[in-house]
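In the block that follows, a single chain appears as structure tokens, in the form predicted on its own.
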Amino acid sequence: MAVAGRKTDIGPPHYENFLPPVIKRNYGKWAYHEIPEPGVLVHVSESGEKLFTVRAGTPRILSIKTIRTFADLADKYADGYLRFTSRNNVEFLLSDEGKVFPLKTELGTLGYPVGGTGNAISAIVHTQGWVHCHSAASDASGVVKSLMDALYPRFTSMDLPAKLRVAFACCLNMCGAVHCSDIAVLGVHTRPPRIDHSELPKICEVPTLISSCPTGAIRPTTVDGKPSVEVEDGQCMYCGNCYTVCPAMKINNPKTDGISIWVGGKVSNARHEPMFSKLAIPFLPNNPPRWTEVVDAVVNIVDVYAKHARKHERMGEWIERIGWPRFFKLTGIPFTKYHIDDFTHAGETFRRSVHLKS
């Protein structure tokens, strides 16, 4: 680990080298923080000093031009200090309150919305999609752009019962935070991989391929006198792990790949312990470029939650209070056999009481 003030080529530079002076002076002495308006936070120290943060949404996949624009804005308004959040928002750290409004105005002029704080939707954390990922069942950037276009008012205002975190992952390997977000959009493969038996022996190691399957669905076999594999369809969970180690196991299928919606996850432990997301919609079609079905489904869930949840109540806490039957009734989402957990040990978590809320 690098030490502040010491030159070393081992490890990253020490974080203290990049802290604004106001943070260094008041490190560990912050008394409280407030959100005076959407996208603006103010942290107040025991000494009375204040640090203002202006948060803006970004496209996540940034060009050099965009990065230089942010750097220029930081130099102009924030003494060169900015940071990126874990959800890919950009935050400018200001010690001069008088520069907050001009910075917000210029960000708006450039097309970067200010918001995502407090009881609002922050930027959607998402994976790579068709841009980079070889096993994506859907396109992250396209779906997220379509979603945020529709949810824009929820980003720039703070009129939700509590903060709402949305995540997107292109497949169930879940590079995104879909297992613990209020609303999670997950790309799904629905068919086992198609095996190119002629190509497989040339580019794949059969033992490595077999061991890559988490459910043991891949078995060795011989095709036309050459080593190959076969897939036990009933054991395949369509994760695409095999395609990662062997491109001859083609998992992508534009006709059968789609999107599922999950709800109720969170990582915070305020009022309730952390919660995992649970399935709400098993399958929606991939319909680029605007993914209308997915956008309509997410907007519907957000609107119903905003109307019925209590103040400070996260999505999962609201569902737990009203019960899943009423959640499905209020949202109009049909309950199907795919909502029933068929995991071997799922019975341990099933509700066994007859006291069901409807």
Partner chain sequence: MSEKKYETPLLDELEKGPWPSFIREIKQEAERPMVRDLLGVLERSYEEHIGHWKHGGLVGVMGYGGGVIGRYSDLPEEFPDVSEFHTFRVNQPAGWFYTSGALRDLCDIWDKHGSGLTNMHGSTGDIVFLGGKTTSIEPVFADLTEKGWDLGGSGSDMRTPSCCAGPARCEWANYDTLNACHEITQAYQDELHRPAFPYKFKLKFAGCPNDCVASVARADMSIIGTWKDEIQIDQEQVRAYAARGMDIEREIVELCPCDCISWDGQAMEIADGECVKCMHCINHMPKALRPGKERGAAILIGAKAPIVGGALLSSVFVPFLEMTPPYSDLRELIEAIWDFWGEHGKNRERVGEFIQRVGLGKFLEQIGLDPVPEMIAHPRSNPYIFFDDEIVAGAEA
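Residue numbers count along the first chain shown, from 1. Since we're looking at a predicted model, the values are computed, not measured.
Missing here is the form predicted in complex with its partner chain; even so, the following discussion is about that form.
For the candidate set V206, V223, L279, C175, a heavy atom within 4.5 Å of its partner chain in the predicted bound form is found for exactly one residue, namely C175. Only one of S95, S157, T244, Q235 lies close to its partner chain in the predicted bound form, with a heavy atom inside 4.5 Å, and it is T244. For H14, a non-hydrogen atom is located within 4.5 Å of its partner chain in the predicted bound form, even though that partner is not displayed.
Contact annotation: H132 falls within 4.5 Å of its partner chain in the predicted bound form, judged by heavy atom distances. In the predicted bound form, its partner chain stays beyond 4.5 Å of every heavy atom belonging to F101. Proximity of Y77 to its partner chain in the predicted bound form: non-hydrogen atoms within 4.5 Å are absent; the residue sits far from the partner. In the predicted bound form, the residues of 78-111 lying within 4.5 Å of its partner chain by at least one heavy atom are, in order, G80, Y81, L82, R83, F84, T85, S86, N88, E91, L93, L110, G111.
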